[in-house]
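In structure tokens, the next block holds one chain alone, the form predicted on its own.
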């Protein structure tokens, strides 16, 4: 008599554990963000880079619990602990998993505005976006509103299929990259980055730090993609294989285009992973390799275009890496996901284009308003003297290598 109940409990517990496994892997990615940024800045800004990511994580946890998750999914956790445990164990695990996605937003922005933003507006700005723009668009695609991703939504009615984003090429990465762009522009370039019309690239601090950060992100990404199945029965080996092939495609393409530049190679792997998220459940592995390779080229060329031609001082290249490659991933799902190109079908290119465009529009509008207000009120940027001294001493009163005299 108790067998069906016991089996149900085991399945439920398995699903909860699966989500927690994925959440922990994605949580570990934030160490990757921290070391990637710490390696990409100068010695005088390492402490700041390593401090911003966990602080953003803590703030994201609070605002996503109180505002973001309820906004996106209509689920709040304000009852008694007993009631939460009995009725919402899976929802609580799902909150943890999706919080890891939400906290990627300020981590992405952090890399673009590195070495020159004040601490308070950086934390406040990230919190506002995790509470508003991100969960609103998340809700449109995955959550309570579901007007873009639903099979019976207006995009499906208009073009034959809803907007498809399996693991967040657009919802997470494009959103984060396009949210970062207005902040980067409003801040302006670092002192000495462009002088008398000439571009003067600022050397990074540590390739080993950057490499460690990239490896942590690559490993954690399999929680990002595979665990997006959300339940054990839905796990797909195709998602894992596609993630591997896209990562390899991005790395190899970046290696060729950059002529063996190690910084571009490590970021090329990440570009491939960003781009494959959306269609990782419906594309063929060969298509995923192509999507990743195109993303690798986009990152290398996009980084040089943004920083050298447009003179946008995007320190880690978060706009091309997450913003542009994320948008490419959303569009690519509508191409290579088609059954005629070896995919599983159920996608429409026009829906992918529309959903991606809506994401970009929301990100640019909300970010411009948020950072514009912060600039007019408390200010965004360190003073020239503080920036020259470095954010480690001016913000945190400490150095990454305190035994050094200079």
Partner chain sequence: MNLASSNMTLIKCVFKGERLHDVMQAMEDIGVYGMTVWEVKGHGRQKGHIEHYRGLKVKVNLLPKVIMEIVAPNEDVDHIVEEIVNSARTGNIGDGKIFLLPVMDAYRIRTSDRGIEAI
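Residue numbers count along the first chain shown, from 1. Only a predicted model underlies this, so the values are computations on that prediction, with no experimental measurement involved.
A second form of this protein, the form predicted together with its partner chain, is not displayed here; the remarks below concern that form.
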- Looking at 180-188, 137-145, 325-333, 257-265, which lies within 4.5 angstroms of its partner chain in the model of the complex, counting heavy atoms? 257-265
- Message: Using a 4.5 angstroms cut-off on non-hydrogen atoms, would residue 351 count as touching its partner chain in the model of the complex?
- Response: no
- Contact of residue 116 with its partner chain in the model of the complex (heavy atom, 4.5 Å): no
- Task: Determine whether any heavy atom of residue 201 comes within 4.5 Å of a heavy atom of its partner chain in the model of the complex, and answer yes or no.
- Result: yes
- Task: Give a yes or no for residue 71: in the model of the complex, does one of its heavy atoms lie within 4.5 Å of a heavy atom belonging to its partner chain?
- Result: no
- Task: May I ask you to choose, among 297, 312, 156, 210, the residue with a heavy atom within 4.5 Å of its partner chain in the model of the complex?
- Result: 210
- Message: Where, within 21-40, is there a heavy atom within 4.5 Å of its partner chain in the model of the complex? Residue list please.
- Response: 40
